[in-house]
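What follows is one chain in structure tokens, specifically the form predicted on its own.
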């Protein structure tokens, strides 16, 4: 397949988005059925990890920081915990776990022997990574509610938006997986993209405190758009201009989902 045909196929696939096909849901259910074996352990860690982060940064660092832009640091930091949970859950599931199915266990090739297509396999895998990540987001939201950090009903509207973030990061990570040669390849992804994204997206401190070049880089990162919207909802400061951030994340999700599908197809078929 030449490059012209590759990109033509990529954009045509956007019209018949594969996540809406039945086979994608079958792949999702296959992953969920396997996940149920480790459900209790996952639920335990889902509640424990965010609680530790909140205690360490919210109460510990927050004691010295006090307030940021008139907002208690703990309340400023809480929405970022939701976003980073969505980020980390999606990234880990769509890299190491998906790579194991793709290259080590040959699960993708086995599923393709059934009436399920490669498009549906990859779409289902992205759908599953996003779903598993969102399970963690719900756990964090429960912790924030127990700690009294959800102070407005508007905060719950961040959940549908965080679904989009989980999907987008799963799709981006699946693209990386489709190019990866071994597990060590993910070291570059985490070191050069995920770690800087976690630090430069306004998670710990406002973007206005960063140098201009860092702010420019930050606004090109998906996590930044998620943090801005989620924090605005938690602080009851929603503005209509924030819909731009939602549109950006959806566009990235569509683009990278189709990229992941076509690159995986090239790797397994062509």
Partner chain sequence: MTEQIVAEGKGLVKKYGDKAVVNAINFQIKKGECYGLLGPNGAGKTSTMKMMYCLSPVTAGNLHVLGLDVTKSAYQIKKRIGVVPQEDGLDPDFTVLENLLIYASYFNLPKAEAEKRAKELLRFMKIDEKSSSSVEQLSGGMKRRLAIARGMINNPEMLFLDEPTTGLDPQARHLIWDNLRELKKRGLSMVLTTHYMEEAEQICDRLAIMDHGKFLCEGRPTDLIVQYIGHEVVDFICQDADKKYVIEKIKDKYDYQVIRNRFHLFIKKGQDGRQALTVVPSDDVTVRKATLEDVFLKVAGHELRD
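The shown structure was predicted, so the numbers you read here are calculated from the model rather than taken from an experiment. Residue numbers count along the first chain shown, from 1.
What follows is about the form predicted together with the partner chain, which we do not show.
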Only one of 145, 112, 71, 163 comes within 4.5 Å of the partner chain in the predicted bound form by heavy atoms, so just point that one out. 112
So the partner chain isn't shown here. In the predicted bound form, which residue out of 88, 105, 152, 185 has a non-hydrogen atom within 4.5 Å of it? 105
If we take heavy atoms and a 4.5 Å cut-off, which stretch out of 114-122, 168-176, 78-86, 134-142 is in contact with the partner chain in the predicted bound form? 114-122
Is residue 30 a contact residue for the partner chain in the predicted bound form, using a 4.5 Å heavy atom cut-off? yes
Is there a non-hydrogen atom of residue 209 within 4.5 angstroms of a non-hydrogen atom of the partner chain in the predicted bound form? no
Is residue 213 near the partner chain? Define near as a heavy atom within 4.5 Å, in the predicted bound form. no
Answer for residue 64 alone: is it within 4.5 Å of the partner chain in the predicted bound form, judged on heavy atom distances? no
